[in-house]
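Let's start with one chain on its own, the form predicted alone, as structure tokens.
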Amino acid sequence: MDSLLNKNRPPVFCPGCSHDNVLYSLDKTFQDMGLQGNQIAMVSDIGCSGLFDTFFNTHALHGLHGRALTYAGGLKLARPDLNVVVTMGDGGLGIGGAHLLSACRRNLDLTLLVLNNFNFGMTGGQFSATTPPEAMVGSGFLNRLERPIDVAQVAVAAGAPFVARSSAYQKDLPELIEKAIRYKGFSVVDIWGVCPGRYLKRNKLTPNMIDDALNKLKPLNGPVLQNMRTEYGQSYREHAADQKPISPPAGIDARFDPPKPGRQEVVILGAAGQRILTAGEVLGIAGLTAGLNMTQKNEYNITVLRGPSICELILSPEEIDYTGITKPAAVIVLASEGVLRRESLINQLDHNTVVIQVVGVDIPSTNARVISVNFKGKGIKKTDWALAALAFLSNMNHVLNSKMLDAAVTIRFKDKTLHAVKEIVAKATA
């Protein structure tokens, strides 16, 4: 099997960096196992170890500092066929410590390689969760105040069923990593190495010193008998198979033709209390009645009773991968709070966009076709303007038609509320 290293992005670490040894050991492991790039997902953290995903021709996910194990867990549950390998430094390990504990408890079939060089090498050599108290580092005396974490012992205590310590310079490191990857469960390999760019400038640490330190610790070379159990994904699937099937959601039959072919994007700009999200839901249901796929993205403040309320919808006969709004067919303007949040969008509109603007709400200069409506003059309350705007659009036969809207409100509302909504529609289109 050929090397999986990326020829277009050759590995570059500081001269003498132990990460280099781990990188080539991991590549040898992949070759020895006969793995191809499409059988592996490399998930990396931030820091020098976070470069690993770019150096391999495999599936890859580069995440936030300390959070790599969370993404890896989702990947493994979604794609149990993949060999998911996580690379994380001691910095990311400390920042994402709770995620390490959860991964140990959960026992998903992941392999975590901790590239442990006892400092935050990329950001200036500050102390990390594993820095020895006597070390001289870029954060002054702070490491003297804390006890360093023994990564392997923490993993054992948290329930990891496979835990090993190793030097980055061990000749059998590829074999140890292979054992970890082949283990059916969560495996942790704490790999000790040196950081010549930062740590070695103030501290003496050699491969022999690493070996001496590891030899003084309780050996951990793989399976932890007291923690061995069924892998989480397998156990989950076994338990799930015994559960009663959940009733599928009620279907919505496609019974109408949409007014226009192709993808239609709509933005509703309002404020809290205007039922913007409900109107978006109604528009989405209307699209389903015409056999369209739909997505709905909502934006509002955590102070839900004040501030902007925005809904972005896409209706499309094709599957929707990208949910960003690029060329809206319609923009509904109901409140200045929403306008302020999407001012740049309005500036970029052209004549292909219809803007439904409630009287009294100013908008920036735009090349769109602007239609002003006075819902207040029609006796429609401010809380109902969003629904009224959908009725206005349907009356124009733009994005949706009256049959689609009527079917949508009948599906979404019942009894007195349905009657009230139909009265709003009637007023808006009168």
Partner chain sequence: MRLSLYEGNDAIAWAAYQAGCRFFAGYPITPATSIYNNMLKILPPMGGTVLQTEDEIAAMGYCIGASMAGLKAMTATSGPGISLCSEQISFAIGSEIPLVIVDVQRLGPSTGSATKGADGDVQFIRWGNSGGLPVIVLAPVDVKDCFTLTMHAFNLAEVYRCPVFIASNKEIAQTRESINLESLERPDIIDRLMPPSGGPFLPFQSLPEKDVPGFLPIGGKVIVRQTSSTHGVNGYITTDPDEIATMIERMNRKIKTEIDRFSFAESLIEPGAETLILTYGVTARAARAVYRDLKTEGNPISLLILKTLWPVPENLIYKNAEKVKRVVVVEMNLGQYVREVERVLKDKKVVFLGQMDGRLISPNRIKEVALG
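Here the structure is a predicted model, which is why all the values come from computation and not from measurement. Residue numbers count along the first chain shown, from 1.
We do not show the form predicted in complex with its partner chain, though everything after this point is about it.
Participant: Sort through Met396, Ile363, Leu35, Leu61 and report the residue having a heavy atom within 4.5 Å of its partner chain in the model of the complex.
Facilitator: Of Met396, Ile363, Leu35, Leu61, the residue with a heavy atom within 4.5 Å of its partner chain in the model of the complex is Leu61.
Participant: Between Glu281, Asp150, Asp211, Glu178, only one gets a heavy atom within 4.5 angstroms of its partner chain in the model of the complex; which residue is that?
Facilitator: Looking at Glu281, Asp150, Asp211, Glu178 one by one, just Glu281 meets the 4.5 Å heavy-atom criterion.
Participant: Flag Val224 as yes or no: does it have a non-hydrogen atom within 4.5 angstroms of any non-hydrogen atom of its partner chain in the model of the complex?
Facilitator: Judged by the heavy-atom cut-off of 4.5 Å, Val224 is well away from its partner chain in the model of the complex.
Participant: Check whether His99 has any heavy atom within 4.5 Å of a heavy atom of its partner chain in the model of the complex, and answer yes or no.
Facilitator: Yes - in the model of the complex, heavy atoms of His99 and its partner chain come within 4.5 Å of each other.
Participant: Does any part of Lys216 reach within 4.5 Å of its partner chain in the model of the complex? Heavy atoms only, please.
Facilitator: Lys216: no, not in contact with its partner chain in the model of the complex.
Participant: Could you confirm whether Asn6 comes within 4.5 Å of its partner chain in the model of the complex, counting heavy atoms only?
Facilitator: So Asn6 counts as contacting its partner chain.
Participant: Of these, 67 to 75, 203 to 211, 190 to 198, 124 to 132, which stretch puts a heavy atom within 4.5 angstroms of its partner chain in the model of the complex?
Facilitator: Heavy-atom contact with the partner occurs in 67 to 75.
Participant: Can you tell me which bits of 247 to 262 touch its partner chain in the model of the complex, meaning any heavy atom within 4.5 Å?
Facilitator: Heavy-atom contacts to its partner chain in the model of the complex: Ser247, Pro248, Pro249, Ala250, Gly251, Ile252, Asp253, Ala254.
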